[in-house]
Every structure is written in C-alpha cells, then in structure tokens.
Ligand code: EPZ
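Quick setup: one chain, the form predicted alone, written in structure tokens, and binding and motion questions come after.
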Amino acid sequence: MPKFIIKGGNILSGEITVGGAKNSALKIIPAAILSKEPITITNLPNIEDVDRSLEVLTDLGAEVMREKDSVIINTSKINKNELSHSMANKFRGSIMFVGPMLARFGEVTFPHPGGCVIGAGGRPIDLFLDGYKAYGAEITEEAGYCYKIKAKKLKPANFFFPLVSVTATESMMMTAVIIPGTTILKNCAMEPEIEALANYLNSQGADIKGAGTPTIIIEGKDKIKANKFIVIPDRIETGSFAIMAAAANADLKITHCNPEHVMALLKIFEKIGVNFSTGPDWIQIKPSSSPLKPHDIKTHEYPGFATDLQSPYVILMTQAHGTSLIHESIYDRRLLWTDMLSQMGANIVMCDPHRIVVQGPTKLYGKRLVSPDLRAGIALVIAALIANGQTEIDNIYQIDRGYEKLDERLRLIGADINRVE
C-alpha cells in the first residue's frame, strides 16, 4: 500500500490546475446506460472512483474505450442486470447505476454500496429505495445484504425527499428521464453537478425543468440520444487548493475552475483576511501580512458551505488567531479524524460528534498518520505541508479516489512530497 512522505515548510507558488469533478463524472458514467447510442466524456479525472465506475460498466457488457482524460462508452450490448459484489462494494458511487438500469431493463440486482467510513449508519440507501418504490418497483432484500428491484412497468412519480440528497436527486432524475409521463421531485439538492447532468440529458432529448432548484419536473420520454459531455471543474478540489494556499500563505493561482461554485468559501475568505482575487476561470491567492481571523462554519447543502470542504477548513482555522466553532451538520463521524490533527499539535476540543472548537494559531509538527477517508486525507496533506518536520500519511488509496496525481501536481508548486511503497 503506497503512502505519502511530506516534508513541511516549503514555500508554495505558481499555478495548479483543477481537474474534472469527481461528483460529476460518477453520475454521467452510469447515465450512459439511459441511451443505446455511444457517449463521449471529456475532462474525465483519472482517479480511483472513475476507474471503478468504468469497471462496473465493462462488467455489465458495455464497450469502454478510454484514452487519457476522455472515454467513449457504448452500452448497446449490456447483457446483465446485476452489479458485481466485488466491484460495487468498493465505492459508494455504484448506487448510481441502479436507477438507469431499472429504467432501461425493468430489473436490477445490487449489493449495498461501499466507500468511505464517514457516516457509517448515517449514509443509508433508504431514500433511493423509497424513490424506486414510488416509480412502481418492488424491492426484495436477499441474503448477503443484496437487493433485487423489478417492475412490470415503471410509472412517473410525485416524490418528496425527506432529506436533501445530491445522489438521490440525481438517481431519481435519471430514472425518470425514460419513464413516459410527468415526474415531480420536491426538496431536491441544488448542486452544480445536478444542473450539468440535466443540461446534458436535455440536449439529448430529455425534458427536465428546474434542475438546480428545489423542484425538478421531468417529462419522461421513450428514449433519449447520446453525444458528448464535458465534465465540469471540481469545486471541492478548487476549494481544497484555495484553502491550502491560504493556510500556507502562498502565492498560488488556481486555474480551470469556476469561482462561482465556491462562493460560500470565498465570502468567508473576505471576512478572515485571505488576500485573493478571481477571474472567469481562476482564483489567485496572494500572501497576506495580516493574521488570519477565526470564523465559525456550519456545513450545509449547496449553495452553503460544502461538507467536503470542512476537513481542509479545520486546518486553516488552526492558523487563525482566535477561536472558531466547526459544526458538521450532514455526516456523523466526520470530525473524528481531528484527533490526528491534535497529535500534530493543534488545539482542538471535541464538543460532540458534530462540533469541535479550534483555538489558533498553533504550530503543527510532522507525525505518522493514516488517512481515514478522502476529504480528511487531503486535509492531512495540507497539514503536513505547513507542519514542521516530516509527515507520513498511509492509506492514500482514499486520497487517490478523488485527487488525480496529487503528489505530482503539488511538487510542481514547490511541495516536498513523495509517494513510496
């Protein structure tokens, strides 16, 4: 298992490019099942979760031709309706295949999806199952934590999400696209990835209105076409790099991004004294002579402060002058990783599983650590970059799931980071 060896304290400067959004790529790949025509996906991130997603399609019988940051997918010859246990158990994104397969074939068997340990017990698939039932499907749970869903004929639905969920919104939206009739989804998530997916599906003959708002109305069709999809920039990577630059007081330009997608973070930057400017597709972070001010956050669904940026933001607050409260309102257990940050020298008090108090500024010191999940992993990398001494981060498979060639890109801006077996 590879790990990162990082020597902290180097001056970071230059440009770093944002890759395609993981959370967009992991939805457009299963959306390929909705049409028998081939789809070309570009700006595709070369990350673990994308690899796993394409493996699932190949196992189902699809033709997948990948080259660098693009892939051509042809699902016309899919010959099975069961997701492989060994593949689906590796990443939570496997649940996104269920809706399109159910809509196209009327039947699908799948295991409970795997993925990060965060929110264990708090990331159930009840929303998905209730949604499929609303479309008229029958669900049976078989031995081995496996589900079988089938329907003689799916019907449009009027469905209210009791909890705001990005993946459930996307799954229900994709399923309805090829179910003739009017489906109304209420209390939907509003993330940019949802709107990007809807825009593509509409360009191929779907009729989706309201994507990016709490209410989405879909006029289902018998079939849709397929063509070309460009994966939007990764807003979580954008925010992570911006926080990294601010924590290191670096002179760093973040390119190929959309600043509008991280506006909640940039508004906080204005309040705490981060020196930055923006353009149409870039964010420039400049060194500041004034100390960072503390600022409380409470994670919230888009357009609020993203839960996936909470972990990096904790690192930034360890360098702020004063006390800040971090309230994780979405996932259970997502703050437990901060115990490792305390071992590095941070002054953190755990109030309860959802809240911590950070007292800064504190010097951080290199330690031997294990990445517990994707977003805590990038936070530990940021901590190591500004820490005194050497840090070892094990289980970087979790980091590779969402950040393409992270060590290579960080070395280009001056970081002393190496990947070793």
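Each residue number is its position in the shown sequence, starting from 1. Not measured: the values here are computed from a predicted model.
The protein also exists as the form predicted together with this ligand; that form is not presented, and the subsequent description refers to it.
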Non-hydrogen atom contact H261 with this ligand in the model of the complex at 4.5 angstroms: no
Contact of E138 with this ligand in the model of the complex (heavy atom, 4.5 Å): no
Contact test in the model of the complex: R52 vs this ligand, heavy atoms, 4.5 Å: no
This ligand contact at C351 in the model of the complex, heavy atom, 4.5 Å: no
Contact segment among 55-63, 389-397, 26-34, 356-364, judged by heavy atoms lying within 4.5 Å of this ligand in the model of the complex: 26-34
Proximity to this ligand in the model of the complex, single hit among A134, C146, I72, I125 (heavy atom within 4.5 Å): I125
Listed residue that, although this ligand is not shown, lies within 4.5 Å of it in the model of the complex (heavy atoms), from S324, T338, Q319, T167: T167
K7, R368 and D416 all contacting this ligand in the model of the complex, non-hydrogen atom within 4.5 Å: no
Heavy atom within 4.5 Å of this ligand in the model of the complex - qualifying residues of 355-386: L374, R375
